[in-house]
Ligand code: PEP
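Single chain ahead, written as structure tokens, the form predicted alone.
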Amino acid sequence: MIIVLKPHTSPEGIEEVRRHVVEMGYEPRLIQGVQRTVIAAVGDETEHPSLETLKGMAEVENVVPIQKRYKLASREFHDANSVVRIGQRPIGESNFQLIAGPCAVESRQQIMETARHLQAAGIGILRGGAYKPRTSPYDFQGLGEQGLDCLAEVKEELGMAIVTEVVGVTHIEKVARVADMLQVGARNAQNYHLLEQVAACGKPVMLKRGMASTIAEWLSAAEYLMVHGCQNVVLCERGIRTFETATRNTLDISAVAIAKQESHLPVIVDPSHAAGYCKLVLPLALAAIAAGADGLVIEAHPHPLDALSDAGQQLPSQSFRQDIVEPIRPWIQLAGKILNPCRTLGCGLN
């Protein structure tokens, strides 16, 4: 921390602040200018009280952190890009993963049909919501445990890795038995108790950005997961709430680039929830790749018009290869990445 004192602070005032810094467990280093004195406080902020309390002292103008609040998630802690594995499929560094599936698991037939279409398109990771947090209590809330059973059947029969959302602490154990990666959605992105409990289950986590979260808050939420033992975190930008109504959310492309600079964690983008409209999914996906994203999560359904949730933004799973996979392939290659690599089989759509 840097403690900036007010101009022309007396020597007695400087000494008073210095004494408080020492009492709080830090080593003070004075930098004195003509009009202003700055105290650099050296020490581990995780083991001592926060120096921001010194802002209340009459002599102090400001206290400025020089380390990130999200230490484990930051490049200050780990400079190299991290790679997270979803089942046997790596994401991060040069590994670009395309994750797809319906917004919600609606029936065994629907999820199995979707999975077969997507696997034929080269997709190895299926996403689908067994539990659905909805804004209205009258909207479809998912099939719950029945939906998890359907996902487990897809995993057993087709060998696809599964990503599905956890909406409450009571669901964690049930979801973790099926999922290769647990998703924490935008509504729960700052539910810190849930994050702590999800971290303890030992599975990789996809952390979506909260609909009104700053980038720092998003990375701090990732820090909650990492502090409590989950090192395999994938950040997902899904759009934020702004004044704009032309799209469901405003996709923050700059957040992808900033998160990649600030953090070593893989960053993926969900253009479906950002767009809210199927015809915008591809252009937003291409923009995400150009900004440096490590993957995409895209909604697909065998019969989008009949979908019980988010019908307008889901793509037909039957044509997923020609609608998405083929158009994004050259962009991924230009980014120097491999599309959908599989660690054990050495496969990938190059």
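Keep in mind that what you see is a predicted model, and the values were worked out from it rather than measured. Numbering starts at 1 and runs along the sequence shown.
Below: the form predicted together with the ligand, not depicted.
Interface residue in the model of the complex among Met181, Met160, Ile91, Cys103, criterion: non-hydrogen atom within 4.5 angstroms of the ligand: It is Cys103 that has a heavy atom within 4.5 Å of the partner.
For the chain shown here without its partner, which stretch in 183-191, 82-90, 144-152, 260-268 has non-hydrogen atoms within 4.5 angstroms of the ligand in the model of the complex? Looking at the other structure, the answer is 183-191.
Although the partner isn't part of this model, could you tell me whether His117 comes within 4.5 Å of the ligand in the model of the complex, counting any heavy atom of the residue? Outside the cut-off, so no.
Test of understanding: in the model of the complex, would Lys71 fall inside 4.5 Å of the ligand by heavy atoms? So Lys71 does not count as contacting the ligand.
For Pro133, is any heavy atom within 4.5 Å of the ligand in the model of the complex, or not? It does: once the ligand is placed as it appears in the model of the complex, Pro133 has a heavy atom within 4.5 Å of it.
Do Glu299 and the ligand come within 4.5 Å of each other in the model of the complex, heavy atoms counted? Heavy-atom contact with the ligand at 4.5 Å: present for Glu299.
Taking heavy atoms and a 4.5 Å limit, what residues of 159-178 are near the ligand in the model of the complex? Heavy-atom contacts within 4.5 Å come from Glu165 alone.
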